[in-house]
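One chain comes next, on its own, written out as structure tokens in the form predicted alone.
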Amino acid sequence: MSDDELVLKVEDLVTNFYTYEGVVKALDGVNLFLRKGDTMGLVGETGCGKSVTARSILRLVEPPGRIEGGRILLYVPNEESGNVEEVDLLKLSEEDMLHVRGRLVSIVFQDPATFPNPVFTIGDQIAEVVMLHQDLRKEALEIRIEELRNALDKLEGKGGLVSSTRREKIRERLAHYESQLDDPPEPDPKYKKKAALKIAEDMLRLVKMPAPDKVMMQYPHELSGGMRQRALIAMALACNPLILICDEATTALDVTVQAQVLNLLNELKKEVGTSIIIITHDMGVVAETCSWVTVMYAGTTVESCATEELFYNPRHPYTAGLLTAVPKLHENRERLPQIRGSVPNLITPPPGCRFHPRCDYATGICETEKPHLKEISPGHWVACHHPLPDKGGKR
């Protein structure tokens, strides 16, 4: 796959957590990529490293965690040259990362009741993100010009009751500000805030928030879970990021609201052009919303391919086990199949392939040699010494 198609590529990412019990090897060489305009599902059972991967991409891993190795490559369009620049996020300073978070890569966290700040209104919180990452000089100047035009229209309506001198002064100020539109100066903080609040309301309208003008003035506790999640998505999209990461963003919502949020994400992807990573353990969510899937197990990437291909033709034994454990309406079973054993302790993970103690196809090489992610058929990557047979045929 050409790098021209990609917006993100993670190579051999290693993240450890240093605890009193020992070193937790949370990510052991994670590899994934995200194509422009795609929605990728990052799936796996609880504790496999999905959220740690998201936090590592944004460099939000806190002590005792530490990113130990690998590369996180972001492909950023250069507006001046028109070329795409490859940026390794692990090599950026913390100050540069502040500009990446929100402006280039945004995240919506799992619990909508936790992350909006309870002491600020929804409008102020979205506006703060906009002011931090966007150049609002032109927008602020346009608001000031609009106010002067409205003031002038009111005075013109009063005719001779208002002195011509006052009207002339407003016309002069209006002409002065209009002459600055091609190269707007640094805005007055008052008008910068007004411009940010206007964009914030537009974003709430974009995510189909009911009565966005009223929600702007409300606090998080006054909103339902679904409305809070929409507000968080609006905040994440406020600066038109290249990538939106949704970390279990629908888990805390009921089924009806979950469907609304998932449909909203698909619509926004088309309107805004943002590439999306949806972190989930729900294969139904993946089937409904994702065009590409990456499967993780115990801190490693085990399979990556198109969604339809994964459901029809899983090649890694772990992926096949996940899919057979999903209930099917057309089957009447007393007991669902399950993967034997349990998730390994990541302080002392199994040598070789981390899945081999639970795998029915494991041999001696699986116990000693770690498999690497390889493209075993066009567009289908698998990390396994003994991949399952290709079913072939029509998808």
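Quick caveat, the model's predicted, so the values are computed rather than measured. Position 1 is the first residue in the sequence shown; the rest follow in order.
Form predicted in complex with a small molecule: not shown, discussed below.
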item	value
Position in contact with the small molecule when the complex is considered in the model of the complex, options Leu32, Val52, Cys359, Ile67, heavy atoms within 4.5 Å	Val52
Residue among Glu248, Glu142, Glu309, Glu201 with a heavy atom within 4.5 Å of the small molecule in the model of the complex	Glu248
Contact test in the model of the complex: Gly37 vs the small molecule, heavy atoms, 4.5 Å	no
The small molecule contact in the model of the complex: Val24, any heavy atom under 4.5 Å	yes
Distance check, Cys366 to the small molecule in the model of the complex, heavy atom within 4.5 Å	no
Partner contact for Pro349 in the model of the complex: the small molecule, 4.5 angstroms, heavy atom	no
